[in-house]
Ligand SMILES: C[S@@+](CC[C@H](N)C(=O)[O-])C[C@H]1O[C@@H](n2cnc3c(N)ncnc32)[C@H](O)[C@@H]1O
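Presented as structure tokens, the chain that follows is alone, the form predicted on its own.
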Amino acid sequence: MFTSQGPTFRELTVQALSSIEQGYDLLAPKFDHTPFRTPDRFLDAVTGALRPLGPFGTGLDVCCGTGAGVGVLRELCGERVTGVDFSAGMLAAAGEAAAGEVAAKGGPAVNWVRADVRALPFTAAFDLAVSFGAFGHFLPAERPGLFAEVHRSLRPGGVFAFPLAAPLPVRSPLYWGLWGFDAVMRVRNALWRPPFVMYYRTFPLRGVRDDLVRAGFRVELVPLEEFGRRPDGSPHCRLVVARRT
């Protein structure tokens, strides 16, 4: 499915009926050949938007998966980069890919930590934290705890940044596609155990911003102009820049 190197429909079905951790362990070897990997266009836009806010010494990729965000941190951080995820399979794939990058291009080394990001094993250790495409795996009630963990992991003045797309118009086919996906996942989780939490419409800007402020961040929104603007003039995509005060 997706490409000849990607997972088959059967493999995706097995993943969807597994726990989140086991599902990603199974998908890891082929993850980068699916549309679920964060596109380079987003990674490059975020790198460009964060560069003027540096320099940064140490960086943390929250829910790093196969390490797409680690590449952003290696561009921006001069000392040390860490990727954290709870899937051993994803960390193994990330480590293999990053080893080749470090050998070819040099730059800071990468540490890999297996942990639940709702209980991060760090205190005041990083200048910059990023995350890409992972927040759908957390229910809204879990956001305050997640943001508090990232806040504790950052040094004073440290930055937590992630891209956030504007809401889709109701007339958009993608709006209804994501609505349908979320509905199917809710039915799946009501009928099947273990649950697989992945929702696309549970991370609204207003609620996210309020939770970040309550966790102790000062929040700024930076338009990512590479993605253009909507008819009302608002950006299609913003970079949320939350600074630990």
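A quick note: this is a predicted structure, and the numbers were derived from the prediction, not measured. Sequential numbering from 1, following the sequence displayed.
Unshown form predicted together with the named molecule; subsequent notes refer to it.
H137 is the sole member of R80, H137, R143, R152 with a non-hydrogen atom within 4.5 Å of the named molecule in the model of the complex.
Using a 4.5 angstroms threshold between heavy atoms, L212 stays clear of the named molecule in the model of the complex. Contact check for V117: a heavy atom falls within 4.5 Å of the named molecule in the model of the complex. Residue contact check for K30: none of its heavy atoms lie within 4.5 Å of the named molecule in the model of the complex. Proximity of D85 to the named molecule in the model of the complex falls within the 4.5 Å heavy atom cutoff.
Of the stretches 153 to 161, 109 to 117, 168 to 176, 72 to 80, only 109 to 117 has residues with a heavy atom within 4.5 Å of the named molecule in the model of the complex. The candidate site formed by F147, F217 and V240 is entirely out of contact with the named molecule in the model of the complex, as no residue has a non-hydrogen atom within 4.5 angstroms of it. Residues of 206 to 221 that come within 4.5 Å of the named molecule in the model of the complex, judged by any heavy atom, do not exist; none qualify.
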